[in-house]
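We give structure tokens for two forms of one protein chain below, kept apart as structure 1 and structure 2.
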Structure 1
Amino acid sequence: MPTHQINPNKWIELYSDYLFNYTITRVNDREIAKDIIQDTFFAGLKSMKNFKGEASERTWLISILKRKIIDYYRKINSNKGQAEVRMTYNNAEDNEGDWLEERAEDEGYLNAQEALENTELGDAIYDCMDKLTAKQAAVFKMKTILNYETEAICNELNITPSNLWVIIHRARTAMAECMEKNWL
């Protein structure tokens, strides 16, 4: 017996912010992110009959969204002649239906140059986060890195949703400027 119900009339109200924030951190283009979310909602509508109610509605939409993001990268990579991407479905509950990607030629490891670049990028991100105000850094980390819901952040930091969006906008702007100077 299904424990979760589906209600597409509430998708935009309940999930659009979360799906947008999830997507924008992966594609880094507002218009593309909006298109992917629109495709996700459309695919959800088309496959509503396949919703079994075993996962929450949000988890189900996220699994569709992740496939749409993978499709987006496949499309742009196929235009560049990139290697085929293999996907494995990871059914762990805390990953909300994560799709794991592996490049066929990578054999699961990074070469020394990529490892160095990843370390440098991580250091640059944390250096830039250190330059934010304490509240901006907390909001940025909770919203962008940890994917907390708006309501949870507002409750934890005792701020309003509109205040949150002002803070996150300022934090992202400052991070972008700092990363441009220190990383790019």
Structure 2
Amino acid sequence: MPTHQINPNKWIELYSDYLFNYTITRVNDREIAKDIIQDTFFAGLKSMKNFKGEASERTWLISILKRKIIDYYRKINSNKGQAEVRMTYNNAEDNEGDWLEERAEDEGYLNAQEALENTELGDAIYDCMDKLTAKQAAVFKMKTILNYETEAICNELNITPSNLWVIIHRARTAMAECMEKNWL
């Protein structure tokens, strides 16, 4: 029996940041990440009728997003493959050994474990942020993740600085409690 409902009008508010963070940690490019989540939402709209309600809306969107990320890598890998075919290594003796350097593991690969842990930590933080009220989450994100100035947040959300610090305090207390249970 379906237990979850679908409501595309709430997708941006509820899931855009989570999906964006999920994507950017995997593609490392802000513009590409934005394009991929837009494609994900559009694909979600197209296949709304296939939503059975057995999984949560977020899980369903993530499964679409994962396919979009795979598609993206397939696309760039096929482009890279074409580039490699064109690439030539000359046989001059003074260049001997160059190919080895070019094919050596890059630093990024060596840090894969660390990157994976950071991704999981990011997911845990977003899970905790989901439990905040909409206003707390908005203020917390602007102040902590986007590093906006207090004044800018107050102007944008039409709140006073003291109001902002009360919201920050409540958000941080709830976040710390949640993170203590789930991660720290």
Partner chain sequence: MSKFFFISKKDAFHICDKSQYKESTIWEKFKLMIRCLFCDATRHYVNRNTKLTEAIKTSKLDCLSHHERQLLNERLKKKLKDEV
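Sequence positions of structure 1, starting at 1, serve as the residue numbers. What you see is a predicted model, and the numbers here were worked out from it, not measured in a lab. If you superpose the two forms and keep the largest set of C-alpha atoms that fall within 1.5 Å, you have the rigid core.
- Source of structure 2: the form predicted in complex with the partner chain.
- For T59, a C-alpha deviation below 2 angstroms is recorded between the two structures after rigid-core alignment.
- Core-superposed comparison between the two structures: the C-alpha position of I12 differs by less than 2 Å.
- After superposing the rigid core, the Cα of I69 is displaced by less than 2 Å between the two structures.
- The shift recorded for the CA atom of R172 between the two structures is 19.3 Å, with superposition on the rigid core.
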